[in-house]
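We begin with a single chain expressed as structure tokens, specifically the form predicted on its own.
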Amino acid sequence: MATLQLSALQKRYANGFVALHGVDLAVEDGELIVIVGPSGCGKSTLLRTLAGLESITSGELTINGRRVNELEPAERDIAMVFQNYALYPHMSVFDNMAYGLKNRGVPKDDIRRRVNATAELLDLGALLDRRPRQLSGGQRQRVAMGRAIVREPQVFLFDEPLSNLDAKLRVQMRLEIRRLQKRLKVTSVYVTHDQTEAMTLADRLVVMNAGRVEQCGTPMALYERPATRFVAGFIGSPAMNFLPVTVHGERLRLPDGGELTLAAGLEAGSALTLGVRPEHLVALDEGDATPEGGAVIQATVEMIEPLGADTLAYARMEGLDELLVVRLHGEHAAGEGSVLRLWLSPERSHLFGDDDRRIEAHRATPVTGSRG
């Protein structure tokens, strides 16, 4: 078992480009950390520095308190599962899984015991004599995981391991990885661009942006209390709606002219951003009483996407350039051209300053209704 500690970790390339800007992160023993972010944010570079495949420009990386900055990959006791499986096509499943152990001089009986036990764990026992070309994508991914597991490393690193699988297999393998990690209790760092994977797998989630850690916490903490507008827009599908608002005394002026009451303390005239998730805009039916607090806004539906249990409505709100996205019940009768009356709850809204960081002031008092 192992702990990881990243202290002011920086990666600068010869051309001057800085891929990592002083990353600080502590990974506890047996924890599964998922690193997520858009393409080019530095998440894969960070994983490669942990593995020793990229050098560290400055800062410190320790495993169980031992500095490993200058150690070769083979000396770090880390196993990595790649996106493209990296299996040897001419070798059997058994030999692919045993390859690393043979290179380390592990006795043959021990190799056979460990490979057979791992194959049983991954339901690969009947496939040990096959070549990779005879396997499905999911089976190849399990072999790649098996090759990592037999080494009994201190740390697992996963580099977008499910991106080559179809949607159904991704769900199955996601559950398999989580089950195995919990059973083996191996400290793991998992990189993905898929936020569904990130939310469902992580003990803690790390959101990266432009080589920096934007926020780290449990998946639900990031969903419910995003620290920045970037995190708010990245976590959640569909993405959070953002409405420009201005401070008028103790009120926020909405794009359509309606207002929300908030606590004192914000500078009058300040231009802020109000965020609300599609699932937190509540559609009011004809004759429904307006809930106490919050605001009622109107928006005209321009497009709908039926998803079965849910329907996504893309609607135009007066004064707002972007379309609002609203998650409705699948049986909701909204159609193109219809007008939605939407209740915006104060407890489900988020406020961000001109520095894009979260502001808590608006939660201190109930929010009163706007026009609508």
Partner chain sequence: MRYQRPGLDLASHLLLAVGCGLFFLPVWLAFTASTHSMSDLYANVAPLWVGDAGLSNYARLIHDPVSGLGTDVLRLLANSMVMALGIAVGKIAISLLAAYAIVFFRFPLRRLCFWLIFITLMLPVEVRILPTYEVVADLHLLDSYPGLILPLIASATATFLLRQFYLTIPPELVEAARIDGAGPWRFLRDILLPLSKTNIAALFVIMFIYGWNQYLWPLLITTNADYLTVVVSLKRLLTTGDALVPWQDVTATAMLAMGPPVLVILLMQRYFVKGLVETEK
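Residue numbers count along the first chain shown, from 1. Given the structure is predicted, the values throughout are model-derived calculations rather than measurements.
Form predicted together with the partner chain: not shown, discussed below.
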Hey, of 86 to 94, 187 to 195, 167 to 175, 213 to 221, which bit sits against the partner chain in the predicted complex at 4.5 Å between non-hydrogen atoms? 86 to 94
Would you check whether the partner chain, in the predicted complex, lies within 4.5 angstroms of a non-hydrogen atom from each of R229, R253 and G258? no
Proximity of R147 to the partner chain in the predicted complex, heavy atoms at 4.5 Å: yes
Taking 4.5 angstroms as the cut-off for heavy atoms, does E72 touch the partner chain in the predicted complex? yes
Might G100 be said to contact the partner chain in the predicted complex, defining contact as any heavy atom within 4.5 Å? yes
4.5 Å heavy atom contact, G52 to the partner chain in the predicted complex: yes
What is the one choice in I235, I78, L274, A299 with a heavy atom within 4.5 Å of the partner chain in the predicted complex? I78
Let me know the one among R204, R151, R130, H280 whose heavy atoms come within 4.5 Å of the partner chain in the predicted complex, would you? R151
